[in-house]
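Have a look below at one chain only, the form predicted on its own, in structure tokens format.
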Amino acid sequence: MDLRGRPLRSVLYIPGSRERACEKVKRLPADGIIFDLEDAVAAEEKVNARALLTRVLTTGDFAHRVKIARINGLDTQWGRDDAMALAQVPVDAILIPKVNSPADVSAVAELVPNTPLWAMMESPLGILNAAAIAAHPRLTGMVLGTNDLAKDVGTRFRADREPLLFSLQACLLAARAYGLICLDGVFNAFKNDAGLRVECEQGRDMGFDGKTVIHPRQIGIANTAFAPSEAEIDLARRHIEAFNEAERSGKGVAVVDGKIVENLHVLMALQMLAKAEAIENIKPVVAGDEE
């Protein structure tokens, strides 16, 4: 399934070992879910978590939500069985952890013939190889793993994420060069709404499709940040109207708010309106489980 054009403003990580969490997420307004079999599952629970997740994905109704399953690495005793099991269930993408090179994608692709593959970009080597990884023909998405990346690089936390900006931009540029989805990393302080809002707005302005989140209360902030605002929608419509009117009247230039409107602005406006319409068409969910 081609997920491009689908809203992915917020993508919530949940442990694949927790059946209650898999049920609860059906009532949350996240655009996507990452069912995690890797970091969120203890070693002694891995096999049971895989069985639970395959059953949940086979029988559960997650409505509009994009379903992504993160497997364990193929260098572990669980990764190969994870990949083969999830290749048999209705999941929108399989997320490969710690992708360092295109070979890591190819290894999973051999086990998973049809399901789209995404790459966790969370190591220095992976960042340096981002363009080559993005060019892999089976890859359709990238997710920044900023916690592991910061650990390996040795950066200190900064609210502006300046030490990670090159890494974020390298992955985003690679993804855009090859038409992939690209999601920003998580914000750890899940009770710090103001900090999350700043980081979401930064990621949105950089060009990410959405934010991965670790707690239900973060969903609303991410959804708002990565959705077109009313002012942006109004400006997009006026760009289109002005450009069309200039063409009809034979004028050489369209102008809106004192700024020239070119064809590229119209294309951007159409993309924004399509995103706004896709968000508008999402079926509402029952609120009340975000705290």
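None of the values given here were measured: they were computed from a predicted structure. Numbers follow the displayed sequence, beginning with 1.
Not pictured, yet referred to below: the form predicted in complex with coenzyme A (COA).
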* Asked: Looking at the partner-bound form in the model of the complex, is P216 within 4.5 Å of coenzyme A (COA) by any heavy atom?
  -> yes
Contact with coenzyme A (COA) in the model of the complex for A21, defined as at least one heavy atom pair within 4.5 Å: yes or no?
yes
Can you check whether A40 is within 4.5 Å of coenzyme A (COA) in the model of the complex, heavy atom basis? yes
(message) I'd like to know if I14 sits close to coenzyme A (COA) in the model of the complex, meaning any non-hydrogen atom pair within 4.5 angstroms.
(response) yes
Picking from A109, V186, I94, L172, the single residue whose non-hydrogen atoms come within 4.5 angstroms of coenzyme A (COA) in the model of the complex is V186
Partner contact check in the model of the complex: of 207-215, 100-108, 78-86, 164-172, the stretch with a heavy atom within 4.5 Å of coenzyme A (COA) is 207-215
Restricting to 234-256, the residues within 4.5 Å of coenzyme A (COA) in the model of the complex through any heavy atom are none
